[in-house]
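Single chain ahead, by itself, as structure tokens, in the form predicted on its own.
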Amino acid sequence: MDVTITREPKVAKADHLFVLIAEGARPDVAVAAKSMQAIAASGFAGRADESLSTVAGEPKKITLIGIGKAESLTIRGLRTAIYSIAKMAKKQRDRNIIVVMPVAVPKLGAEETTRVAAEALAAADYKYDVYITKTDDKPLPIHAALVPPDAVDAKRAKQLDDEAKAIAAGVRTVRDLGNGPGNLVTPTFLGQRAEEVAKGAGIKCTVYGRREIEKMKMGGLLAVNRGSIEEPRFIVLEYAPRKAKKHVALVGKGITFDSGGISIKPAEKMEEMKFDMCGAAAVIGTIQAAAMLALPVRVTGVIASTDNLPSGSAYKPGDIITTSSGKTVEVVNTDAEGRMILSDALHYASELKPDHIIDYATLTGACVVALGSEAAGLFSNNDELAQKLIECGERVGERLWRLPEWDDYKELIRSEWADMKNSGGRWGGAITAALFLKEFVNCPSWAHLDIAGTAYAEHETAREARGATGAGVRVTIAFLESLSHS
């Protein structure tokens, strides 16, 4: 959806006016006063499960969307209301809509609420329809004018509009890449798309092929790639503004399809393993948004990419792999491949000596068992970084929950034949995976985000469509902004 934040919407051209109303508030809107008076007399209370529509003149239709008590409004509730607006507009084939938002989320304030709402509205009608050939099934483009709370003046509205568009573009990139099928989104395609995004955002992108990867002795990435006919790619994106005082390295898992390899997965839902590169996509989308926002923070994106397939040449349980750091790994499960490729990527990022490293990976089913789809697992060797990321996540509606990375769990990945095993088994699976990654990090401020449960939605929810969600972009942009203000 094309969204513009404005204080002066063009009411005469609107097909549908939507007004978010808090419980007990009077639906007082300057336009279509008679219709609004009729709605007010109808008994509409503004509860979160309530909506009411009427036919008007200009605009043609008016709908009130209840959001519950103003003091209890959350980002989750706001996104639910906005998603319902998009569904109604699509169903009624509206082309131009106005969304009036007179209230703010209490913990955010008017400006942050406006930006969150604009970005959510831009994504609310999203559909990956590249391969849908029936034109009747493709949604019509919708233009939305978002009217912010009174505390946001026209000048600030324009600034917020630019900011929301940048974040929405980054999220869109992640969703498109994540939803793309594995036969399209190969490591080669991921590298090409990274180059296109970099060119559009004015940043540097270097894509390394097999020969360069071999020279860099990235044994983890090369081992996982052995079973595939697709070449691996190692992608480095560099956003380096002149006034940057901080340097953040973002590392992404780019498994473009994960069959499990020799330790093959069950057939049921294996098609969802195309989403196993959402960590890599999050890196691309985040650095795109950071560049569009011109944040004064140096950001380097590091992505290791391959698919993981069984074949006569595939790596096997019992193999011992030497990674680029020189550390050796005994393979006990070829389906624990994400940490294998991240071992090389994290070592590479550590060699850059950044102030912070954040990695994103759909790493473990164990994290999904622990947290479901409501929060990503957060592991960190730095309390200050962990707390800042949690706070940023709360501000943008992207929850993180910290789990321990205590050394007591390291016994589970101890190997008799190598420096470590690549899997510690079922118990504490998300923790042992994080501890494995930690072995390849040489940075005092590192965070690992296990987004296995949040990177994609298995089913449509009240807040978003099925498929890739864009997880990682919003929280990281909020973190980078916090660095630029400090």
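Only a predicted model underlies this, so the values are computations on that prediction, with no experimental measurement involved. Throughout, we count residues from 1 along the sequence that is shown.
From this point on, the text means the form predicted in complex with a small molecule, which you will not see here.
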| query | finding |
| --- | --- |
| Contact of residue 296 with the small molecule in the predicted bound form (heavy atom, 4.5 Å) | no |
| Interface membership of residue 333, the small molecule in the predicted bound form, 4.5 Å heavy atom rule | yes |
| Heavy atom of residue 456 within 4.5 Å of the small molecule in the predicted bound form | yes |
| In the predicted bound form, residue 236 touching the small molecule (heavy atom, 4.5 Å) | no |
| All of 246, 359 and 477 with a heavy atom within 4.5 Å of the small molecule in the predicted bound form | no |
| 284, 144, 376, 363 - the one with a heavy atom within 4.5 Å of the small molecule in the predicted bound form | 363 |
| 119, 307, 344, 337 - the one with a heavy atom within 4.5 Å of the small molecule in the predicted bound form | 337 |
| Segment assignment from 160 to 168, 91 to 99, 197 to 205, 273 to 281: heavy atom within 4.5 Å of the small molecule in the predicted bound form | 273 to 281 |
